[in-house]
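Next up: just one chain, as structure tokens, the form predicted on its own.
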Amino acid sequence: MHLTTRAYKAPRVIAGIIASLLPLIAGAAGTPAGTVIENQAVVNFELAGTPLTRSSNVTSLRVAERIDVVASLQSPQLLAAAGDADRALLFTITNTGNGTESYGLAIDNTVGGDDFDPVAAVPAIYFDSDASGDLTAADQPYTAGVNDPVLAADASVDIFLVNSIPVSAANGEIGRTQLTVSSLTGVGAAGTVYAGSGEGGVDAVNGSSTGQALAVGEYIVSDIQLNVVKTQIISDPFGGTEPVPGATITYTITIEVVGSGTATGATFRDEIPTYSSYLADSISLNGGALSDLADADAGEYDTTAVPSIVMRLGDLTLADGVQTIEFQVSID
């Protein structure tokens, strides 16, 4: 994985799993807008020994739409160099109300608490159309009033904010960018009623989110970046390359320094995958074998918590060249 150009996917995957489960959770967004609730009282009694029943009138109502929305940042603080263009941060928008709602999107790079203002690309907002977690040519740009996202209750959509980094930004400085998501039915204080504007013609009411959500992402300027790429080769017990039980997986990880600075105290950690077991004495660094123990060499097989390969790489610069780590596991 190229850490300097790829959006962080793990939180996005987790958010996707949660979103897929939400409809299965009773009352995840409350009773759906437009649902009819009826009620009738019954009284049973006797008159001169004869059982009688009297029923009240039927009361009826249709549940109003509650407007609520959440925006969440999925990317970690993103390393960038001064002058970088089209650096994308990933956000997720979730309709936490109980009816289908349309939303307008906006970017704001003048939020406080940072050292510089990122420069919004044109366009600056994209849908993650191919669900890759990366900004690609397949991703559709957002145009207000043309393709505003329409989300059913509990549904989510992933959005990129895309910015460039000013050439004047200095090493270590932070720039912030904000996504604003606004209900197109209305934004206002909780309890604000929009008569007949909800799904199916019911009233719509702003919930605690006031019909709007904000999320902020950050860029940090670095004069050094690390490109990390991992590959795998499978060797099965029959001379083939099928991932069957008993097959060996050889993992190769390369770490490349880009830029003029120093990555101080670089430490590599890679957890042994579930359903596999580490093969003893298979660790190597730049072609040189290392022991499994925590000793004088740079690497070890650490079993103190989750079994992992650990490598202490020290201070890395461009002059150190590509660092290559290998280890093996067997499929259980």
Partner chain sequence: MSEFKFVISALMFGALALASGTTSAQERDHLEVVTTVQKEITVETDDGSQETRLVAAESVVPGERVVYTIKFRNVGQEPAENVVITNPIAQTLTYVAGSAAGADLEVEFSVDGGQSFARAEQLRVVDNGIERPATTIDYTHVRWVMQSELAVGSEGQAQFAAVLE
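Positions refer to the first chain, counted from 1. Just so it is clear, the structure is predicted and the values come from calculations on it, not from any experiment.
This protein has a second form, the form predicted together with its partner chain, left out of what is shown; the following refers to that one.
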**OP:** Tell me, yes or no, whether residue 54 is in contact with its partner chain in the predicted bound form, where a contact means a heavy atom of each within 4.5 Å.
**Re:** yes
**OP:** Would you please decide whether residue 44 lies within 4.5 angstroms of its partner chain in the predicted bound form, comparing each non-hydrogen atom pair?
**Re:** yes
**OP:** With heavy atoms only and a cut-off of 4.5 Å, decide whether residue 108 touches its partner chain in the predicted bound form.
**Re:** no
Original post:
Is residue 71 one of the residues lying within 4.5 Å of its partner chain in the predicted bound form, judged by heavy atom distances?
Top reply: no
Original post:
Quick check: do 29, 39 and 60 each get a heavy atom within 4.5 Å of its partner chain in the predicted bound form?
Top reply: yes
Subject >> Contact residue in the predicted bound form, from 205, 257, 181, 78 (heavy atom within 4.5 Å of its partner chain) >> reply: 205
**OP:** Mind telling me which stretch in 243-251, 197-205, 132-140, 118-126 gets its heavy atoms within 4.5 Å of its partner chain in the predicted bound form?
**Re:** 197-205
Original post:
If you look in the predicted bound form, which residues in 131-165 sit within 4.5 Å of its partner chain (heavy atoms)?
Top reply: none
